[in-house]
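Take a look at this one chain, the form predicted alone, written out in structure tokens.
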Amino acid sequence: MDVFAGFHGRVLAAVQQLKHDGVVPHEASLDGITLEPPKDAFHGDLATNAAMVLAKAAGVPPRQLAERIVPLLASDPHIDKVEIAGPGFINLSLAPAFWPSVLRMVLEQGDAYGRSAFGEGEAVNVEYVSANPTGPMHVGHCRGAVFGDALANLLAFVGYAVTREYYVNDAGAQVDALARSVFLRYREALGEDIGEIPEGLYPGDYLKPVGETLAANHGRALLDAPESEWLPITRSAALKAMLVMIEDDLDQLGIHLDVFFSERALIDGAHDEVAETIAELKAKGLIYQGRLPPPKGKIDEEWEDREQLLFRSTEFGDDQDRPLVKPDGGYTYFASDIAYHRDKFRRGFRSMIDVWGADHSGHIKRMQAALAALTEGKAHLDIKICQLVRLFRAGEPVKMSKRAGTFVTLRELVDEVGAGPVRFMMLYRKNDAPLDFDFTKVTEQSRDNPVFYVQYAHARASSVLRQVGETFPDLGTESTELIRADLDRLNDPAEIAVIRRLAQFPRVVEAAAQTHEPHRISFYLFDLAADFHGLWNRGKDLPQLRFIYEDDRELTRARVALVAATRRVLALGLGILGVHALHELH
């Protein structure tokens, strides 16, 4: 249950009464009416813009309309105070007797708290990572991998049927470069001195085991074979090895995908799906032979002054039409990507989310345009861009370069700081904002390290639940027992602050799912942890506010109920982020 949705309904009921009374026209739309927690808790628990939204339709100033709404809300027994603020906002303070019902609801619903059927079982495809299969995952891939996985968790939490997908770019020139790099390692495994790895190939030592496997399986047979024979063999071996490595790297972060979709399968299968896609767009009048003007003020490697096959992406908001076939007759990446998304649509997905790196932001409009054209607007594609991650150690930059073979791998990152801290910190910034990751700060035990601060709150709550048995051996800590506590005794402002925050969880989850922004969960968890630590610290200063109060068994039971509910919500939020909640910190 979303507490805010319940009170939003009461605001709408008050407005409907005004419609009935003729104060507001019957045809006035209520769509823009919101109910939000005010930024400053001093102004109350909830704030609505109802009077601001409806004032024009009613033909009266917002404050005057607000004065008609206030008494209708004030009559609600769960609302303690209603005030008009600024030009016509209405602030609501809920009755103290309301908050125990929220806490009881958290305890009753347990792991179901915050879950919903909002997604109504709709199939949604979340494609993420999709790094070129040319080596181990590095830090640049890590952010998109974590973001996509947390988003998939979030959508599943609110009732979507989620498919997690990896698009394997195994049809481009980079894969042939990988195959040639592996062939060098094959020759090296047979005892040859291969010298420096040539420019344009992959120099990393991670390819040595692939070369050794080829040598063990083929002996010297490939040495005298022409490239047309050994290239497909080395390419297949390299791709297989790289995908095993990538899956293993992702496993270190707890990421497991449902589908690995091969780009090559689009053209190597029974049908050339890229050609079929182009033909379909041509039938819609969206493909033509033409020339592109040179780019203004920048170098575009795809541009060439020639007659070529173009997609009319400008009809859908793109800044220029886009080529589909390269000078050598091969398909552009864009053509393959259109066919890939057409395949998703044909598999039944009407809702698609792609997680891309910062270097692909310029491709968003054209991809959305192509999908809109192919599906006649029946499918929706949301593309989320993950900005770069900058690595630091104690404030000093850590350099990485994939070409040089000296990049920082995802595995190295996880091995040093742990999967939980990596995942949390990758989600502690909005995805389209650059992220600074400092190895030193992420392992600090301080409030400045958000993952520690949140985990510490969960560990503290777990400690209370362990220790209560020492003072009251027969006081059960299971939810079924804590529900019976006299929760009305929780009336300290710091206790109410924690309950208020717990009440926000379902709303935060749904809003994060609607906007495809899992970082909202990490921000919420930090705020909940801050409220809980603040309550803990009040108990240090005021013994009568301690969670375990030896002089009052029933008050202790009520406070333990609050602790248990807090721990539950912290664990649920961390679970959405894919972070294991710790019961002890060392």
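Numbering starts at 1 and runs along the sequence shown. We call the rigid core whatever largest set of C-alpha positions still superposes within 1.5 Å between the two forms. Only a predicted model underlies this, so the values are computations on that prediction, with no experimental measurement involved.
Unshown form predicted in complex with the RNA; subsequent notes refer to it.
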Contact test in the predicted complex: residue 308 vs the RNA, heavy atoms, 4.5 Å: yes
Contact label in the predicted complex: residue 553 to the RNA, heavy atom within 4.5 Å: no
4.5 angstroms heavy atom contact with the RNA in the predicted complex for residue 183: no
Interface membership of residue 56, the RNA in the predicted complex, 4.5 Å heavy atom rule: yes
Contact segment among 376 to 384, 191 to 199, 483 to 491, 433 to 441, judged by heavy atoms lying within 4.5 Å of the RNA in the predicted complex: 433 to 441
Option touching the RNA, based on a heavy atom within 4.5 Å in the predicted complex, out of 166, 456, 340, 113: 456
Contact residue in the predicted complex, chosen from 476, 254, 418, 87 - any heavy atom within 4.5 Å of the RNA: 87
Contact at 39, 173 and 539 by the RNA in the predicted complex, all three, heavy atom at most 4.5 Å: yes
Sequence-ordered list of residues in 309 to 328 near the RNA in the predicted complex, where near means a heavy atom within 4.5 Å: 319, 323, 326, 327
Residue 39 C-alpha relocation of at least 2 Å between the shown form and the other one, rigid core basis: yes
Core-superposed C-alpha of residue 261 shifting 2 Å or more between the shown form and the other one: no
C-alpha of residue 89 off by 2 Å or more between the shown form and the other one on rigid core: yes
